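Read the single chain below, which is given as structure tokens and is the form predicted alone.
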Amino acid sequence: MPAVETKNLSKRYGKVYALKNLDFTIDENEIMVLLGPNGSGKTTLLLILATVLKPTSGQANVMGFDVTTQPTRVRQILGVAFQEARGFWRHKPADILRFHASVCGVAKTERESAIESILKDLELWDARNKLFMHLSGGQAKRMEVSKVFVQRPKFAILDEPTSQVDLRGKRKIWAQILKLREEGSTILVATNEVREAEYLADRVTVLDKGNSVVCDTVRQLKDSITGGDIVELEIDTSDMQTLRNALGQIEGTVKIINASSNHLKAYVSMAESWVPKMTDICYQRKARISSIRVTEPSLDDVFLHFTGRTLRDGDT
């Protein structure tokens, strides 16, 4: 049984569907990344699984518990880091985390050490006694995700966990998410940042207009784009045209163009298998390869391939 499963899940606001007949699963001890632009339905799905919103129709289960009929059981195993940091404006980060830890049942003997550890790791220790209203956007966001890392729930939801955070801070948050998975948690991350998705995901679900378009590993999603890999070659040969024709016969070749007299650009599927075959042909024809540069498609390209839109085409 999947750790999380939805069947024909829909959420409608008036005549507009935020989610429409969504079938979606997360395996136990998996990091699932929801990738999609603003307005794709990511946050609506998270809020339904967190029991904040009720679906219009369909079913959603978390660890075997129905989010509509058994919300209390779901909340007992759930930790959430919301898109917007939540905290009383005159409270301090350390106090906010103490309150959260106590409400979530973290043992008294473990609270202070857990809070100190995560505040130091996410570089919030010096800001532990600042008022919430005085925190920068990045500090407030790091405090928000710290709630989940102190709690260490069985199922964790993180909505845009590194928005407003610099690259150094992002990497520290990503490391904590991976550590949480290693300890046995099942994790759902919503993002529109492709670097974050590639770094974290065991699988990626592409959401567009409330529908699941495709779900697979990052590698499989990239390999599914025909001709998505670009191999640029600088080659010293006396007969470039004959060599180009030979390379064009390699399985997975979509097209090859001459960028200059000694520079070829090949659009191929699965460059990892194409390049060794290319080097064999060049060796047989005594063509000397001066340089090779391989560029694989990004998750931006994956989203465009499956939806015809870019990740920046969201409504709001």
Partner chain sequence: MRNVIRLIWFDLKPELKPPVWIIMEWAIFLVQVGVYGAMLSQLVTGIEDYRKFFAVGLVIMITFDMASHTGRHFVEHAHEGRLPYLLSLPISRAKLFLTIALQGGAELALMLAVPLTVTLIIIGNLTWLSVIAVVLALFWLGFGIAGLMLGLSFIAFKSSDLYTAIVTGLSTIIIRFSTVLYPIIFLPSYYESAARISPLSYGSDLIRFILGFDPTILMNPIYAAVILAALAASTLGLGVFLIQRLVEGVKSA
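Residue numbers count along the first chain shown, from 1. All of these numbers come straight from a predicted model, not from anything done at the bench.
Omitted from view is the form predicted in complex with the partner chain, to which the following refers.
A.B. asks: Just to be sure I understand the contacts: of D121, D95, D216, E193, which is the one whose heavy atoms reach within 4.5 angstroms of the partner chain in the model of the complex?
C.D. replies: Looking at D121, D95, D216, E193 one by one, just D95 meets the 4.5 Å heavy-atom criterion.
A.B. asks: Consider the chain as shown here, without its partner, and state which of M63, L53, I256, V275 has a heavy atom within 4.5 Å of the partner chain in the model of the complex.
C.D. replies: The option sitting close enough to the partner is L53.
A.B. asks: Test of understanding: in the model of the complex, would C104 fall inside 4.5 Å of the partner chain by heavy atoms?
C.D. replies: So C104 counts as contacting the partner chain.
A.B. asks: May I ask you to state whether K147 is within 4.5 Å of the partner chain in the model of the complex, using heavy atom distances?
C.D. replies: K147: contacts the partner chain in the model of the complex.
A.B. asks: Is R90 near the partner chain? Define near as a heavy atom within 4.5 Å, in the model of the complex.
C.D. replies: It does: once the partner chain is placed as it appears in the model of the complex, R90 has a heavy atom within 4.5 Å of it.
A.B. asks: How about S238: is it within 4.5 Å of the partner chain in the model of the complex, going by heavy atoms?
C.D. replies: Contact check for S238: no, nothing within 4.5 Å of the partner chain in the model of the complex.
A.B. asks: Looking in the model of the complex, is the partner chain within 4.5 Å of a heavy atom from each of T72, Q76 and R111?
C.D. replies: Yes, because T72, Q76 and R111 each have a heavy atom that approaches the partner chain to within 4.5 Å in the model of the complex.
A.B. asks: What stretch, of 248 to 256, 44 to 52, 265 to 273, 278 to 286, brings heavy atoms to within 4.5 Å of the partner chain in the model of the complex?
C.D. replies: Among the candidates, contact is made by 44 to 52.
A.B. asks: Would you give me the residues of 1 to 17 that have any heavy atom within 4.5 Å of the partner chain in the model of the complex, in order from first to last?
C.D. replies: The stretch touches the partner through K11, R12.
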